[in-house]
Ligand code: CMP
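Have a look below at one chain only, the form predicted alone, in structure tokens format.
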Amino acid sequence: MLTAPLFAGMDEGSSTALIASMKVLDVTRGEVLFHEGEPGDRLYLVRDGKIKLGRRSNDGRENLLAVLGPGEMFGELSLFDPGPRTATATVVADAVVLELGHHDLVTWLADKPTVAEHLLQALARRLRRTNEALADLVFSDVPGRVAKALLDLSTRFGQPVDEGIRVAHDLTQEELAQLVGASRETVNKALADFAARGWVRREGRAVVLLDVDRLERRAR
């Protein structure tokens, strides 16, 4: 059973029925589920794979807001504040996504009002992360932001290995730089420094965290 705020407070029967009412989408890397500015009329739940949420500036630069994995939702903001999408959702790693129209969701919320409370809590946590990211852009240097991003990715995608924690983030160098809010060259320099110090080992679109304590201190 998926663990997500959408199912919090539901019994197993209700959760199973809700999942059965959702449309299953098999999507591959590079596919776009919705674009920034489009009308928002449904939410999505990641069952497998990874989805990135990003915004693009007028001059073409992209900022990566978040990378989401199994059990995480996106697109629910328009349920509480109807309007155009505030980000573009793109598949990072081949994924299975569950889709639920807002009309169907409202019907469920009428029967299970506690679910709305858990959805609002999820939105509050996302807002808190956004505020932290804004503060990091002002007060933290790039290496500090890189260390924090790696630690954050490890909490959701990390797998214990003999040497530490292997994080298969599936991001390109450019996408990782967009997540940190810096140039690719600067982020690569920080990663190279971490590797030289023995804190991490890079493995393509994955990284092994060898010294989590040092990374945590650098992220502060």
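From 1 onward, residues are counted along the sequence shown. Note that this is a predicted model, so its numbers are computed, not measured.
Missing here is the form predicted together with adenosine-3',5'-cyclic-monophosphate; even so, the following discussion is about that form.
Enquirer: Honest question, do 151, 172 and 179 all end up within 4.5 Å of adenosine-3',5'-cyclic-monophosphate in the predicted complex by heavy atom distance?
Expert: Per the other structure, none of 151, 172 and 179 touch adenosine-3',5'-cyclic-monophosphate.
Enquirer: Can you pick the one in 27, 190, 168, 66 that has a heavy atom within 4.5 Å of adenosine-3',5'-cyclic-monophosphate in the predicted complex?
Expert: Partner contact (heavy atom, 4.5 Å) among the options: 66.
Enquirer: Have a look at 107, 130, 114, 121 for me and say which one sits with a heavy atom within 4.5 Å of adenosine-3',5'-cyclic-monophosphate in the predicted complex.
Expert: Result of the distance check: 130.
Enquirer: Would residue 78 show up as a contact with adenosine-3',5'-cyclic-monophosphate in the predicted complex if we use heavy atoms at 4.5 Å?
Expert: Yes.
Enquirer: Please run the contact check for residue 157 against adenosine-3',5'-cyclic-monophosphate in the predicted complex: heavy atoms, 4.5 angstroms, yes or no?
Expert: Residue-level check for residue 157: no, no contact with adenosine-3',5'-cyclic-monophosphate.
Enquirer: May I ask you to check whether residue 87 falls inside a 4.5 Å heavy atom distance of adenosine-3',5'-cyclic-monophosphate in the predicted complex?
Expert: Answer yes; at least one heavy atom of residue 87 falls within 4.5 Å of adenosine-3',5'-cyclic-monophosphate in the predicted complex.
Enquirer: Quick one: does residue 33 come within 4.5 Å of adenosine-3',5'-cyclic-monophosphate in the predicted complex, counting heavy atoms only?
Expert: Answer no; every heavy atom of residue 33 is more than 4.5 Å from adenosine-3',5'-cyclic-monophosphate in the predicted complex.
Enquirer: Using the arrangement in the predicted complex, list in sequence order the residues of 41-61 with any heavy atom within 4.5 angstroms of adenosine-3',5'-cyclic-monophosphate.
Expert: Only 53 sits within 4.5 Å of the partner.
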